[in-house]
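Below you will find one chain, with nothing else, as structure tokens; this is the form predicted on its own, and questions on how it binds or moves follow later.
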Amino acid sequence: MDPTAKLSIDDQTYELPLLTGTEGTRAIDIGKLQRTTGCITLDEGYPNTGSTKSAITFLDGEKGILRYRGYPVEVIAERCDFTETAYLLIFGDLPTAEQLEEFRTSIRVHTLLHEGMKRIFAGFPPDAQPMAILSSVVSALAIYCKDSLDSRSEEMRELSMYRMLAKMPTIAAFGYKQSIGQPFIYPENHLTYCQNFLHMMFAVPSERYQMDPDFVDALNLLLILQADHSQNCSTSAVRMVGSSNVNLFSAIASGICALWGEWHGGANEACINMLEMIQADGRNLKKYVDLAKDKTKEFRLMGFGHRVYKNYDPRATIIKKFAHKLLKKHGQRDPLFDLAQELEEVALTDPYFIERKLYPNVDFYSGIIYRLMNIPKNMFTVLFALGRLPGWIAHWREMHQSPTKAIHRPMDLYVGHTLREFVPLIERTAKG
């Protein structure tokens, strides 16, 4: 007999299917709850709600585990490059050498943007927010890639995936060049994915660009660690918008907008801003730790705590180690990195943070590395979006391949007026 959960409402008992995932997570299937009981569930922010079945990423926040398609993220970060990681997330298995080369080639041939899109960039003011540019231009791909918009077609879905992976770095780099008044640098397809992006970001026509291999490795690592994180805000946005059968470009644009917020992808920029503020205030760590603990204040220690992890974020461990290596190799001291380590030490020994399991997360150190690479702060979240792109695509693809796919339509618990009698305008009196 299949296991069930029992729910009692008004002396009536209902049996609900009880499902178990491959890692032991248990879920109560409430798919027929309203139909059978007349009730809905209420779960603000959905922390207890499983929106779908997924085979892409496994998280265990209590143990600090993150796996892509069954592989620990630590192993993937050490053994794979970003393109290979993207293949794994999207298609489900590590590629053979032939499959990987075919995948890389399928991306390379789509790196150029339509020349007409340059006029879109020209219309943005120099101080335009890079995430606003990114979401706008990605959305505009639906205008220029009209032969890959039908999400019901497997062939068009695959073509749009390759185009999205190929063109996102070009869009991001062009947006940066527009903001600083430099000419666009076109992609060079003999370069790797990360090399190509750095070349388009920092090269200029008047001189040869000397690419730092350590920065290529750093970008590759950060993109891998940000490639997917299960049903987070932006991924859920991509799946929800995509459930309407809209094209991939529009679905990804919605994910970019969701990622923009400082409680999501914007946290790494907010973390650097916080460290700079503390540095400018005489490195008074106690003052800001006390502010973070004061419930009457709005100040938050950015980079600490996570909606899922109640342990040390495994990505933060990897990034911190790499930051040490990068600084040591380049013989540099970074006062913000030193400050971040001091702040981490204070927080990890403070009972307030220990009791609440507020450990450093991926945003705490990723901004430090981007800063060392001379990436402007307002581009941090753009690079987060670039990293998260394979995960968004993988979830969009998985959703379309699901036999139970349906348009997302959450319910709400209505708490407004009951039936009201309409009063004609002439009879209404002004209040106050």
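Note that residue numbering begins at 1 and tracks the sequence as displayed. In this text, all values refer to a predicted model and were calculated from it rather than measured experimentally.
Unshown form predicted in complex with s-citryldethia Coenzyme A (SDX); subsequent notes refer to it.
S.K.: Verify the flagged residues His229, His306 and Phe384 against s-citryldethia Coenzyme A (SDX) in the predicted bound form: is each one within 4.5 Å by a non-hydrogen atom?
M.R.: All three within 4.5 Å in the predicted bound form.
S.K.: To verify the annotation, which of these, Met211, Val246, Ala292, Leu339, has a non-hydrogen atom within 4.5 Å of s-citryldethia Coenzyme A (SDX) in the predicted bound form?
M.R.: Only one option qualifies, and that one is Ala292.
S.K.: Which of His330, Lys146, Lys321, Arg356 has a heavy atom within 4.5 Å of s-citryldethia Coenzyme A (SDX) in the predicted bound form?
M.R.: Residue within 4.5 Å of the partner: Arg356.
S.K.: Within 4.5 Å, heavy atoms only, one stretch in 153 to 161, 261 to 269, 87 to 95, 112 to 120 touches s-citryldethia Coenzyme A (SDX) in the predicted bound form. Which?
M.R.: Stretch with heavy atoms near the partner: 261 to 269.
S.K.: Using a 4.5 angstroms cut-off on non-hydrogen atoms, would Arg108 count as touching s-citryldethia Coenzyme A (SDX) in the predicted bound form?
M.R.: No, Arg108 stays farther than 4.5 Å from s-citryldethia Coenzyme A (SDX) in the predicted bound form.
S.K.: Examine His199 and determine whether its closest non-hydrogen atom to s-citryldethia Coenzyme A (SDX) in the predicted bound form is within 4.5 angstroms.
M.R.: It does not: once s-citryldethia Coenzyme A (SDX) is placed as it appears in the predicted bound form, His199 has no heavy atom within 4.5 Å of it.
S.K.: Can any non-hydrogen atom of Arg300 be found within 4.5 angstroms of s-citryldethia Coenzyme A (SDX) in the predicted bound form?
M.R.: Close contact exists here: in the predicted bound form, Arg300 approaches s-citryldethia Coenzyme A (SDX) to within 4.5 Å, heavy atoms only.
S.K.: Is it the case that Asn361, even though its partner is missing from this view, gets within 4.5 Å of s-citryldethia Coenzyme A (SDX) in the predicted bound form, heavy atoms only?
M.R.: Yes, Asn361 is a contact residue.
S.K.: Heavy atom within 4.5 Å of s-citryldethia Coenzyme A (SDX) in the predicted bound form: which residues of 157 to 189 qualify?
M.R.: None of them.
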